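Quick setup: one chain, the form predicted alone, written in structure tokens, and binding and motion questions come after.
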Amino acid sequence: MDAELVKTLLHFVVGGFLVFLAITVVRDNFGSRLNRATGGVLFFAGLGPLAVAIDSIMQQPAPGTGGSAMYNLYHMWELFFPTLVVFSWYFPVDRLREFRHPRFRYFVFIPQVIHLILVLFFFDIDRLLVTVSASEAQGGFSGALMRPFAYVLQIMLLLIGYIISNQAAIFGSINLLYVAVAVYFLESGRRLQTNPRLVPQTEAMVWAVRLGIGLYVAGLLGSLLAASTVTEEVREAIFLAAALVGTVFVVYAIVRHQFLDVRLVFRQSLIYTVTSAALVGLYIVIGVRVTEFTRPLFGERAEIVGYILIILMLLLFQPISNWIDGAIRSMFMRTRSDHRNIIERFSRDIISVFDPTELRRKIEDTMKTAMLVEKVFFVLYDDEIGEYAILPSDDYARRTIVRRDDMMLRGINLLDRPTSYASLADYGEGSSLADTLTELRVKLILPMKDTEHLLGFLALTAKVAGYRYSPEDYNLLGVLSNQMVSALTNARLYVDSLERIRLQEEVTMARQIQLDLLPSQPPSLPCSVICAVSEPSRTVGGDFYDFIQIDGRSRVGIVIADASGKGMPAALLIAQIQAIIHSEVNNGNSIAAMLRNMNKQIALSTSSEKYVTLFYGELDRETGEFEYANAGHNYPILVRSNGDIELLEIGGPVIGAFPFMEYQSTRVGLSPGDVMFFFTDGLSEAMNEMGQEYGEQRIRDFVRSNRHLEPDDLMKGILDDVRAFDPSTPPQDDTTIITLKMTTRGAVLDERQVQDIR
């Protein structure tokens, strides 16, 4: 292939692609100054190679040697240098944001505009001089009129001619100065850039400028300082290489590092264009040269073989194109900025995260690194306080409660998709939430709703470097929002399950503590047989019983109690009761004093709704005397051997209701065959399906009828009878029974002794 044709094609392809890239960048976001500046740089950079290619086609003189006005349009590409300076003022740090007179930036175009005017209108300076001389030489009125100005015009034209003759050195030096200024601002801005998401694209763009401009400067200096060595062809080759290298790095920054936040569809079309153009170019070269390649092998049949190869290549064109496109996409597009990749990674990351804090961190990281959001604020419903709250994060130090009736919150509750915060201005009046969001410079609201409720929302500020939210971003955020709702719901359920497990463990521990408080077995007494059973309706019940061996005396204490409530509070209250009883017994206090002291401590240390019904009695193993006091408990039943029933009801009010109460105690004498039956209200208040209670009278009748039974048989029998009456499982209330049956005779107190004790 002819070398001149190859050069022309290369210039045309490189220049055309730069112009195409410039149009793509500007079209993607025309409102962005950075996009416009970048597009300008790419456009003017592409004009250079295009002008060379067009000039080559039109067979015009080489650039820089003078020629037609059409050819001298080639110099328009020098507007690249002031545009590059403007670009360096925007990227990577916007230095003009606070500049009071940003329009002054256009002054940097003046030298190149002057140069363009000179080469367009004064490229044939000799002809202009001749024209001026001819006008001066004319006679008549016009000649006389022109004569005073002809000398000045000639001097000016000579000066212009001198400038044009040395334009390469003069404007080349100015261009070098512009390059130095642009490099300075780019390098200093690169050092100021700390955003981890912008650093890679900044580095790529700075390298594009370094290599592209570096090659251009090398070629320009070479042509100025060593014109004999650096020929015009070499200089053009260097400039073409500069444009090609710069283009590659710009494309790399856009596709790989999402420079300018160019939309995904444009980046994908960019890849498709590049791969298709490269493949088509390769096919054209092979198609043109195929006969030449095959002739040494196939001789005169090379032409037929060439046709076969071309047909085969056409058949394989689409598969090869798809393979190259897919390979390049996998290399460059499946990055953190690829929307499909974002969704896949986000779903994969959060599916196994149940810690709300870790989940919020991953969401925030995705927003900042993949979508280039500058700041993310979480406003979520707090189950503990029943209100929405702005949660603390790296961008928001404090926790702010949002009132349920806040107008802005009501407005957000109506949303079902990502919405611009500015569109919610009607809900901002009198809203403290709106004041806070405005102060935080929020730009976008991302609601998170399940089928019925607003779980909360994300408040997003502007994207870094001022990028706007594109329609693709809105669609992506909508998809991510649904995934966040699922993840947050799962996290809440997981936290609830952990809380239930924790509570279950605490209940199990409390149950174990309560079981440890109960005696392992009833005491073995020479005068009686004692049996006891306690069945909680829950894991931890409120019933309690105990047998206390009283040191130094022939007595054994019997306690049965029922605390108000259930679960841990009741278990803790029972533990407190047991400790007080043991302390009072060890101190040798009387039963009445013991209950008085116990009541005072419980009443003063707990709330009034926490109380205990308690029965305490002491059995003298030698005399058979039983002294007791009943603090609001179900009356224990004393069934004499002859069937007479007595109720042990002397005592006082329940323990813990009122702090300063007095209690009475009394004594009863027990004889062989007498049965004492202690129980809690879980037995008497057992209720059948008809709403009828088992009742204390039925208990008395059962005990009296079965008083001849052994205590354990008596207890088992009444439990079976109650369960037949109320088969609910577990029982509706805790049930505790103690049965004591005298086996030997003890002393029986007369009426006078009983009254003395009272």
Partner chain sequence: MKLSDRIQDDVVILEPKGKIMGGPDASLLHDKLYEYIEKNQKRVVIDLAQVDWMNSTGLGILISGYTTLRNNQGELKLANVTDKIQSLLTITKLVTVFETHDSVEDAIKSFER
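Numbering follows the first chain given and starts at 1. All values reported here derive from a predicted model rather than from experimental measurement.
What follows is about the form predicted together with its partner chain, which we do not show.
The single contact residue among V234, M687, I501, M156, judged by any heavy atom lying within 4.5 Å of its partner chain in the model of the complex, is M687. For the options G542, P82, G651, P92, the one in contact with its partner chain in the model of the complex, meaning a heavy atom within 4.5 Å, is G651. Its partner chain is not drawn, but in the model of the complex it has a heavy atom within 4.5 Å of F658. Though the partner is left out of this view, N634 does reach within 4.5 Å of its partner chain in the model of the complex, counting heavy atoms only. Among heavy atoms of Q576, none comes within 4.5 Å of its partner chain in the model of the complex.
The closest non-hydrogen atom of E187 lies beyond 4.5 Å of its partner chain in the model of the complex.
The chain is drawn here without its partner chain; in the model of the complex, the stretch among 560-568, 373-381, 576-584, 84-92 whose residues come within 4.5 Å of it by any heavy atom is 560-568. Residues of 688-726 placing a heavy atom within 4.5 Å of its partner chain in the model of the complex, in sequence order: E693, E696.
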